[in-house]
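Just the one chain here, the form predicted alone, laid out as structure tokens.
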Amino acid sequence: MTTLTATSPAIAQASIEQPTGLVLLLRYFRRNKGLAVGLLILLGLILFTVIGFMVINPKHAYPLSVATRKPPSLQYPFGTDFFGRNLVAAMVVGMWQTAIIGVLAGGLGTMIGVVLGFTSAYFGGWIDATVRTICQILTPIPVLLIQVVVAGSLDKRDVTIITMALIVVMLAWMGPTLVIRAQVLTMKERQFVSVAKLSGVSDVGIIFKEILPNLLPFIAAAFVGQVFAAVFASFYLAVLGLGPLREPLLGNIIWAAQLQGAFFNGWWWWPIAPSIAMILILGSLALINMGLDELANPRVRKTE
């Protein structure tokens, strides 16, 4: 009887199964529904683009490739436009180009912000004063105005997808710089950083081994936020006619539809698809950004 009593807690403890990583992930998505919905929408857009490249001819995304002004049908599910572009092909190629601009500009902006934020906050002194002063001077400047002026001053023949990404990233580094700087200022005063310094760990080792791993959720949230800003910037620049006009960017399709009076001429399908696609792209990125902010910020993190 004594043996059974002594071993029963061990048996009971062994019988408790630890949840797997997949179960924990599903539980978290159940709590953070915004992140789950955002990821599902983004996954659907990625599948649309990947499958689209398998079944469409990318050349049909450019003018004079198909019949003009055809309404949606089995042959042309999204119809064709005034310039003879298959809008399904244009959507596939345009979403891919939008993703290139967003990831490139967002990645560069986040990388510059991380480097400046870490350098400024950790080493302090004149470096911190210089970075902080530059950010304080540039922050009040309307980013949209600068981007419009720069894009408008370029020859339209010289504007490419890469050029557009560089225009977008010009002032995109300030947000991540200020966010990362504030987090590093707080993190470097923690006890584990002091212990690492007393143990003889170098500054580079402390940055990469102690501080950086703890800031990965903030960096991920900053990256998604920068991708959102880059996609939005590329969208409104293209809608204003300041993008690479021959490329089927979603904003370019809408700009061309406005220029040709699509709704007034009864070509209602022309601007509808790219508009819905931009709403889905920006909505998914916004939901993911809010979900990552909840993951990174303990004050807003939900409990089970």
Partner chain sequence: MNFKLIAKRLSFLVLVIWAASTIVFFVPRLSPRNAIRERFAELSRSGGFSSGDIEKLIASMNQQFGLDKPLLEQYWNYLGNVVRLDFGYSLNRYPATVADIIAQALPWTFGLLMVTTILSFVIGNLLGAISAWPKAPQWLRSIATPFVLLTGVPPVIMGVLLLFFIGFRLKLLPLGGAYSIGVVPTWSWDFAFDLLLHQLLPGLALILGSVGGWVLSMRGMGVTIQGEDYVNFAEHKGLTGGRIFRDYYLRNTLLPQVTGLALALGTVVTSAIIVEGIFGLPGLGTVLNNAIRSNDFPTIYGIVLFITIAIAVLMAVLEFVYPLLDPRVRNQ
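Residue numbers count along the first chain shown, from 1. Treat the numbers as computed from the prediction; the structure is a model and nothing was measured.
Keep in mind the form predicted in complex with the partner chain is missing from the figure; the text below concerns it.
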item: Joint contact, V37, L212 and N214 to the partner chain in the predicted bound form, by non-hydrogen atom at 4.5 Å; value: no
item: Region of this chain that lies against the partner chain in the predicted bound form, out of 129-137, 179-187, 88-96, 105-113 [heavy atom, 4.5 Å]; value: 129-137
item: In the predicted bound form, K156 touching the partner chain (heavy atom, 4.5 Å); value: yes
item: Exercise: G200 in contact with the partner chain in the predicted bound form, heavy atom 4.5 Å; value: no
item: Close approach of L42 to the partner chain in the predicted bound form, 4.5 Å, heavy atom; value: no
item: Any non-hydrogen atom of P271 within 4.5 angstroms of the partner chain in the predicted bound form; value: yes
item: In the predicted bound form, the residue from A67, L47, M54, I279 that sits within 4.5 Å of the partner chain by heavy atoms; value: I279
item: The unique member of V148, I219, A229, V193 whose heavy atoms fall within 4.5 Å of the partner chain in the predicted bound form; value: V148
item: Sequence-ordered residues of 224-246 touching the partner chain in the predicted bound form, heavy atom within 4.5 Å; value: F232, F235, Y236, V239, L240, G241, L242
